[in-house]
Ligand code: NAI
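First, one chain by itself: the form predicted alone, in structure tokens.
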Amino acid sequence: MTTRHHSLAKNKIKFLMLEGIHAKGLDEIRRSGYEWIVSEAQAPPPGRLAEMIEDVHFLGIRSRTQLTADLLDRARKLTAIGCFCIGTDQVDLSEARRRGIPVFNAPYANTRSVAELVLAEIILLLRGIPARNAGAHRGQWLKSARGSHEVRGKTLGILGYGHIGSQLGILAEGLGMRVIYFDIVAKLPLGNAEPRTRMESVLEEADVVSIHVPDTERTRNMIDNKALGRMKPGAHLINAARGRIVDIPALAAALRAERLGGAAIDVFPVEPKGADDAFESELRGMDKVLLTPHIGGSTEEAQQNIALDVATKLVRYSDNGSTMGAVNFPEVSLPDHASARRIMHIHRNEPGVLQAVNSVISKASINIAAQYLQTLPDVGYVVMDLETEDAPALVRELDAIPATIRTRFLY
């Protein structure tokens, strides 16, 4: 499928922002000169969404809106997608790339919020607060020091030492904890954290294990019955990463058998689609478990940061073609183009495409002021600043190149 999108005045470019994206993001888009913004508080059902996106140029979503290949087929004008969250699992990234649609997210904007939640859960778990809180609600007075510990001197094991894991380690060290970590990529330690070469070593040594890895085939059910069996008796498990990383039935069994001291789970393999749907989990009703509804990044500060980050990326792509921060697309950081017309050519990465593009420019006797090219195995992105007054005619010529996916030009 080949799609085309040429230059439009800003007042003709439509932004559709779903799922209650923070006002900071909408304000940034308006401040940049875009007036046609439609905003909705919820994720519409697929049938309605298919109708809504037919005339949309820029789409903003959070985690509940699922963008499949069929929906992308309906979005003939769609130029870019902004995931106003951390993950992009809700978008078929390869299909978006095949259509020349970059997808942006905010991978680091909620780092502090998640780290703070986990830090609080570490203290609560080691003090035995979940069970004491549950008992008090039932009228029980569980005033005992048994099973209640300070965090100072305890070992925190971090699985996944990225932005969140490493910041958590720094915060935990501030409370006097010893920090060990495992990551499949060699990472330099911050503070006094100690790397481990095997995940099993972290499981065996840590009083609290906190998970901060992405959802991949390698990590799904990574914490299974065997992994849980390696943890220290009475240790605690925290998962604020992705729901499919922990085998929930295996965790429930380990808690019932009192092999673990407790757990804090913020993400689940299957989550309710809205506030009206019931939350089901084998962990419900367990006094030693903290259950939270996927709120690791749900602070006002994080949502503001995410909104501003993703909105800025969408505006930069619309205004000058920069794709830095795209998760599925060649990344190009571009300067302003005040003295030239900028043309952006997205194409299948096949031999001879750049030669064909340059041939079109050469035949038109147009000077190339600047040219930028980045490629992925299947898609190429070439941006040209050209000294021409007839960009539409040139775009038509570039559209005729067989490998073309999409051509845009900016005034």
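All residue numbers refer to positions in the sequence shown, first residue = 1. Predicted model, so just to flag it, every value in this text is computed and none were measured.
The following text describes the form predicted together with the ligand, which does not appear among the structures shown.
Picking from 77-85, 129-137, 164-172, 275-283 the stretch near the ligand in the model of the complex, with a 4.5 Å limit on heavy atoms, gives 164-172. Only one of the listed residues (110, 318, 105, 328) places a non-hydrogen atom within 4.5 angstroms of the ligand in the model of the complex, and that residue is 110. Checking 290, 72, 114, 260 for any heavy atom within 4.5 Å of the ligand in the model of the complex turns up a single hit: 114. Remark: residue 235 does not count among the residues lining the ligand in the model of the complex, judged by a heavy atom distance of 4.5 Å or less. At least one heavy atom of residue 222 is located within 4.5 Å of the ligand in the model of the complex. A residue is said to contact a partner when one of its heavy atoms sits within 4.5 Å of a partner heavy atom; residue 214 meets this definition for the ligand in the model of the complex. In the model of the complex, at least one heavy atom of residue 297 sits within 4.5 Å of a heavy atom of the ligand.
Shown here without the ligand, the chain has 184, 185, 187, 212, 213 in 184-213 lying with a heavy atom within 4.5 Å of that partner in the model of the complex.
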